[in-house]
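Take a look at this single chain in C-alpha cells; it is the form predicted on its own.
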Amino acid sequence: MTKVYLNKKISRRVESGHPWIFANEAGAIEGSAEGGETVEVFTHDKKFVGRGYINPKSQILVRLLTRDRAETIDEAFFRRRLQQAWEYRQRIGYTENCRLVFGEADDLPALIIDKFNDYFVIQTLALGIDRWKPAIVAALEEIFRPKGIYERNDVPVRELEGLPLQKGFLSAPFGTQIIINENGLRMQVDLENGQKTGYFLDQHDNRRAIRHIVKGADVLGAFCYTGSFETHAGYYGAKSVLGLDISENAVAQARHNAELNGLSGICRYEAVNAFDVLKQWSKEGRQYDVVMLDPPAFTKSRETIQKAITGYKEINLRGMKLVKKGGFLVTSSCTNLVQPELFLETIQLAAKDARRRLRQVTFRAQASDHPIVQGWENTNYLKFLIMQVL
C-alpha cells in the first residue's frame, strides 16, 4: 500500500483528529499515488496516523477513513459505517426523514446520504469515495431495502476532484416527486431537480421553533424556496403569509405545498427578486409581525467572506426595518465560512444601522442528524436565529 509521510511541522488539526490532509502537509510519498486509491499515512518519524483515499489533483490530498491500523477499507467497512450512522439517528429520534450520512462527522468524508422515508439520495463529492459508490449502494440495499436510490452528483465541487457532474438512478427508476411528512405537514420533495438533495432537512427542527411567534401574525418570508418555513407558519396559525423567491419553479412548488396542507388561503407566494423587494418595501414603510430570511450561501471561498458579510448585513437590516416594534426576525446563514460569532456580530451591526434593539429568543445550529464535531468548521455551518425587534 502506498505510504504518505507528513511534514515534521504538521498542523494540530491533523493530530487532533481532523480527517483532511492538505497537499502542503505531506512530504514523501512511497509508492504510486493514483487518484482514488487507499493509502496509509504516517508522521515524519513513521508513526501510523491512519488510512484514507488520495487524490493528487485535489488541494485535500488525503481524506482519512480510519485511524485504526487493524481496520481494512473494504465493502464490509462501508456497511459497518452506514449501520453505525443509522444507529446514531435512531438513538436521537431521526428515522423517517434524516441526513443518514453527514460526511466527515460520520467518518465518511465527502459522502452525503439523505433519507426521505423509503427513498435515498446520495452525493459522492470526492474521487476516493466515488470509487466506493457501488459498495455504498449495496450496503443501503441490504440495510434498508429502499424503494429507490437517486444520485445527485450535479455539484460543482466534484469538478475540483476531476469528477464529472451527473445525476440519475442508482436503483430501478421511480417517480422522483415524493411526499414526506415533517412536523405534521405534507411536503413535496423533488429529488431530481430540487436544490442539493431535493429538500433542506437541516432546518427540520428550526421550522418547528417558529410555532409560537407566528400565531395570529402577518408573516413575510424572503428567499422562501419551496415554502417550507412559510407552510409551517400557516400551519402554526399565522393570519397571513407571503413568501418571496426569484425562482418561478420554486414558487410553483411552494404553492403546491400550501395546497397539500389546505393552506392556500393563508400562504401566498410571489416570484420576485427578494433583495430588491426588501429594499423597496423597507423604504415604503411596510410592516409585518414576523419577517423570515433564509438566503442561499453568499460565499463558498474565503476570498469573498467580506462580500458575504456585507450581504448578510444588508438583508438583515432591511428585514429589521420591515418588522413591527415588538415583532420578530427569523434569520439564517448556511455557509460554514461565516462562523457563529461572526454571524451574530453582523446581525448586531445591522441592528445598529437600522436603529433597532434586539432581544434574542433562540440561536441554534442545524438539526442533530447533521452532527457537529467540535473544531471541524465544515460540520458547524448553519446558523438559525430568532430575535425580537424592539
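Note that the structure is predicted; figures quoted are calculated from it, not measured. For every residue, the number given is its place in the sequence shown, counted from 1.
Another form exists, predicted together with a small molecule; not displayed. Remarks below refer to it.
For the chain shown alone, L127 is not a contact residue for the small molecule in the predicted bound form, no non-hydrogen atom being within 4.5 angstroms. Within 4.5 Å of some heavy atom of the small molecule in the predicted bound form lies at least one heavy atom of F200. Using a 4.5 Å cutoff between non-hydrogen atoms, P296 counts as a contact of the small molecule in the predicted bound form. Not displayed here, the small molecule is approached by F229 to within 4.5 Å at the level of heavy atoms in the predicted bound form. This chain appears without its partner; in the predicted bound form, the one residue of V272, V155, A138, A76 with a heavy atom within 4.5 Å of the small molecule is V272. Comment: the small molecule is not present in this chain, but in the predicted bound form one of V290, C224, I210, L191 has a heavy atom within 4.5 Å of it, namely C224. Shown alone, this chain has one stretch from 85-93, 241-249, 155-163, 300-308 that lies within 4.5 Å of the small molecule in the predicted bound form by heavy atoms: 241-249.
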